[in-house]
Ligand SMILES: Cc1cc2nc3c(=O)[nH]c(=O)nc-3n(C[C@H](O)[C@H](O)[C@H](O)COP(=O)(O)OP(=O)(O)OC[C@H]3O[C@@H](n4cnc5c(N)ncnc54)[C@H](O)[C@@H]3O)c2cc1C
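First, one chain by itself: the form predicted on its own, in structure tokens.
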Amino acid sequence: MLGTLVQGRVSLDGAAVAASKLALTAAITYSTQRRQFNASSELREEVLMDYQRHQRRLLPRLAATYAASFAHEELLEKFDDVFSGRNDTDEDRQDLETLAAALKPLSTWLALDTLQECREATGGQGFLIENRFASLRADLDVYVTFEGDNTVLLQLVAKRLLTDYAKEFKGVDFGVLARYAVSQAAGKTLHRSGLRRVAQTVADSGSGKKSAKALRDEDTQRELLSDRVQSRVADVAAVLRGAKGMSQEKSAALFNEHQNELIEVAHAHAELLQWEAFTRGLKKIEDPGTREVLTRLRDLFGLCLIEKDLAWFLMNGRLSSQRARTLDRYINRLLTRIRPHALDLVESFGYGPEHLRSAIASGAEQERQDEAAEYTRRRRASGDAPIDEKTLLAREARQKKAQKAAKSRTKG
């Protein structure tokens, strides 16, 4: 029954990605124009997008939206291959069903999360219906259940992962299985004994710069994200293998006992699919500057995934404490480097005013800020502008300091 809904899931995945793009375009456009608080200047306030916390709120979600978009394009190609008849075997249909079941939950959850964060990040403006965050979120709320509940879909993905894992060993002799068991045990010993962490610490030699270089390495990210899936699948499969000789009741109880682990590994698998799609997409980009910016965005996506599940990577010996400490600082560095390109990144979605239909994305805020700045400039030039209390106190403090220094020189 769930398999018949694959066409709807493909559509929902695309619609959810589009909603995230719309929300981010409006929120980032507004936050590059809206000014609030004069932290670094007495004359001009800061734009919201220059605050680190604001970057943390929006740019990782922008990176995740790009990853979801690249993954959706591959899903569309797979969908077209199957329904056009070019590649329409039973295995192709199963692959399409699993891919749609993996991507639809992530994109729909991302859309709701992004819409809510963009709504909050734009303050009172975000709550106005004319800016569409609230109405879009209301429209997309059903997407997490429509055409298959997201949690149920991830369970379907998890079962496929277990099936594929079992197929790898179907028909192999005892010697092969024994060698695999030994290699698995050796791998766990390597991780749990801390040998991998020691190797990373030695390689980095206590240098945050070396740790950051390792983290931004494409192969390092791929290894961490794929190992998270593979090792978890192997662990769950090993536990559930014993269900074959049990009664139906005991077998169901054992499966239920590990259901949460299955759904988590399916979620991690879907994230890996998005990261891989983003990485493949980078290879198709010919312009060096564009590829550099998008590579940083891909790194931000991958490292935020690692940061989100940092406890697992640390507890299972995949990351040293040095690299874990470096992770947060390097993500902040990536945010700083991506910030100048934030507006270009959302404009590349290609949405015009007729698509956005959002007042804060229309440029009205920039006009308001320019008008206010010109009015303030004219008042200062005329000498009629009121002096800010903080500015007045700062001037008085400087004058007193200068007078004191002058008296000191006179006495000398």
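Numbering starts at 1 and follows the sequence shown. Note that this is a predicted model, so its numbers are computed, not measured.
Quick note: we don't show the form predicted together with this ligand, though the next part is all about it.
>> Between Gln125, Ser231, Thr220, Gln155, only one gets a heavy atom within 4.5 angstroms of this ligand in the model of the complex; which residue is that?
In response: Of the listed residues, the single hit is Gln155.
> Of Thr151, Thr163, Ser251, Ser135, which one comes within 4.5 Å of this ligand in the model of the complex, counting heavy atoms only?
Replying inline: The residue in contact is Thr151.
>> If contact means a heavy atom within 4.5 Å, which one of 142-150, 240-248, 84-92, 319-327 is the stretch that engages this ligand in the model of the complex?
In response: Only one stretch qualifies here: 142-150.
>> Check Gln259 for me: does it contact this ligand in the model of the complex (non-hydrogen atoms, 4.5 angstroms)?
In response: Contact check for Gln259: yes, within 4.5 Å of this ligand in the model of the complex.
>> Using a 4.5 Å heavy atom cutoff, which residues in 315-334 contact this ligand in the model of the complex? It's fine if the answer is none.
In response: The stretch 315-334, when checked against this ligand in the model of the complex, contributes no residue at the 4.5 Å heavy-atom cut-off.
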